[in-house]
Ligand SMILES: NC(=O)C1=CN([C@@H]2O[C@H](COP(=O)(O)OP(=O)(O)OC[C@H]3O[C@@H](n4cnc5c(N)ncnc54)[C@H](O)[C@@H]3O)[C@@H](O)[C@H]2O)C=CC1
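Okay, here we've got a single chain as structure tokens, the form predicted on its own, with questions on binding and movement later.
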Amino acid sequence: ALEDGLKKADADPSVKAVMICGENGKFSAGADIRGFSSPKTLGVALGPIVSLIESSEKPVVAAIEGVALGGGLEVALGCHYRVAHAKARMGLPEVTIGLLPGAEGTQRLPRLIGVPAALDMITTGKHIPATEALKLGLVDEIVEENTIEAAIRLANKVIGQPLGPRRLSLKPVPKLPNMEAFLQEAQVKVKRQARGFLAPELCFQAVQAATQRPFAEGVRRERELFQVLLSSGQAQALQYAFFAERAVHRWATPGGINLLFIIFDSILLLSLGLGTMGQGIVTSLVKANIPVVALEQNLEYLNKGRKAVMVLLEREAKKMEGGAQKLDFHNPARLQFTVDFNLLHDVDLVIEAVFENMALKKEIFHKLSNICKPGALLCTNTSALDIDEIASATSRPQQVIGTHFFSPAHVMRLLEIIYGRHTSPSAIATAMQLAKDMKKVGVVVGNCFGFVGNRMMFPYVEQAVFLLEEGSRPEAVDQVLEDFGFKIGPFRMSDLAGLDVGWRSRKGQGLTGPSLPAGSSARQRRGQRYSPLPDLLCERGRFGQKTGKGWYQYERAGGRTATPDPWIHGFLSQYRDTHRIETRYIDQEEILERCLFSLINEGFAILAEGIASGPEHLDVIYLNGYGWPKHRGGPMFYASTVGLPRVLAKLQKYSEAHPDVPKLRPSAFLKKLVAVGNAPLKEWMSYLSRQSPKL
């Protein structure tokens, strides 16, 4: 239709100029992603149409409202002039689905706004506001009022002016005094940040071609690189991730119960100590325009918490257009701090964020049950504790639900929503709506120790520690997993989170500490292998970054730069001697497989138990909460690309070598899927005889 319209306008002598706009206040959000994964894409390639726009003998003006993304922005780049509404956003986000702008955008954009700005936009996929687009020269003017009228005004003004200088394909790329050095440096930076993710690197190569080749050759190079990405598994993984995130919003209850959710007038965040998690949750709620009452147990903690929250909110306000006025967090109607439990009477929803202690949580929930109005939803921010046991302390278990936020809560997008035996469908729906309002990805899961994310993480971390016992080093294990694409390996992650957190949990479970029966074997607990290494570090006060020493050493307490620690190497060597463990060389393949396949194996057990309603839910949790590399699609998608027979064979091999590690024993569900012929991921759940009772 765009092509027909242009040809018609060109052929009609009464038409003096052309204006292109979108419908319903949006210019164009680009191509339909589903088209990239279908075997045959119908229709015309967009590149030639963009060229057709550009070669028009009559001025063509783009009127950009709402969004101009991907192919939409490439169409605008073909136009001779661009007018944008002040609230419009522009970007080339193809990199986020494993591709590059394939309609000549990698060649036109650098010619218009220069190489540094074009590289930044194309390799990150970020959206920029109209104000920034104007500064960069991406648009010619921005307007507050009717964009279409403004574009028509501009079109009338430029009739008869020469169009040569406005055709981007004819423009040279703006020179930089040190172009070669700049490109070399940029390439190193892109490669470092990409961690094995192809699309940013190939985006870079396409922009580099614009600086080194004539336009037509650059376009050919762009097309070649686009084909490489299109046929790579990474593009499929990212497109899977895109649709998986949308799929987790849909969940059903037995008998198709209508889901009604409460509209929140006020939320109370209850946190004893307004600790790190509480501060992040309050910040997220304020950013979502939800009135908050933050409660503390005493004034000292309240003042400390208030200060920390205000610092976070000031920081967040700076990042937003409209800043502090928009957040309005100094207004007591929006945010108030109190030690008065009586303010609980009228709130619609409570989020408790005290530390992981069952007795404390039950005591608080008993109190909440007596004070809050009958319809109030009672949420617990817990990372592993039993929701049913917490709910048992109340007179309204149907109103109790787990909301597992991820730290830092004002940054991390994931919200694990955990229903208990009695949680009502409307409570689940309300929690899902809360996630949406907070711009978080809510994933509904069942109740078990560690839920989905942490339950899958336990065997991963356990294997990492066992690998140290057998001969590896923290930095070697981390390196392998960071090369795979994780932003941070298990030992750097442990140092960041604090080793004392896990230590407290293990003491609570009776796995270590004073409640451990005398005469217990150092490396066995409850009939299975156990490593006391993390406990031994904690006993020496090595809690990670907060103390300046953990699995690594840091420049100071609270430091961020991890350096391999010779003390740890000596300590590990001594430990192996004490326990008569022969040090052996462990290759990268074994490190990767033992950590990842044990995590994936637990995922199959979770699906079989009905704790999650499909593999996409597990993948979305790992992509948004645990730093799983997006270009690998999530652990269950990754397992499907490796091939389930291979995952099974390797687990059997490692399980035979370590018979006292139950988490390496292949899940019965994994075995079943291999036995039926390596079923594709979308069919996995059809092989389960028992579906989850609630999801």
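The numbering used is simple: start at 1 and walk along the sequence shown. Note that the structure is a prediction, hence the values are computed from the model and not measured.
If you look for the form predicted in complex with this ligand, you will not find it shown, but the lines that follow are about it.
Blocked site. This ligand, superposed from its pose in the predicted bound form, has 3 or more atoms within 2.4 Å of backbone or C-beta atoms of the chain shown. Proximity of Ala522 to this ligand in the predicted bound form falls outside the 4.5 Å heavy atom cutoff.
Heavy atoms of Leu170 never reach within 4.5 Å of this ligand in the predicted bound form, leaving it off the interface. In the predicted bound form, at least one heavy atom of Thr382 sits within 4.5 Å of a heavy atom of this ligand.
Under a 4.5 angstroms non-hydrogen atom cutoff, this ligand in the predicted bound form has Ser407 among its neighbouring residues. Contact with this ligand in the predicted bound form, defined as any heavy atom within 4.5 Å, is confined among 352-360, 567-575, 598-606, 441-449 to 352-360. Not one of Pro110, Gly114 and Gln212 places a heavy atom within 4.5 Å of this ligand in the predicted bound form. Contact with this ligand in the predicted bound form, judged by any heavy atom within 4.5 Å, is made by just one of Gly610, Gly196, Gly510, Gly275: Gly275. Of the residues given (Ile364, Ala235, Val465, Val293), Ile364 alone sits with a heavy atom within 4.5 Å of this ligand in the predicted bound form.
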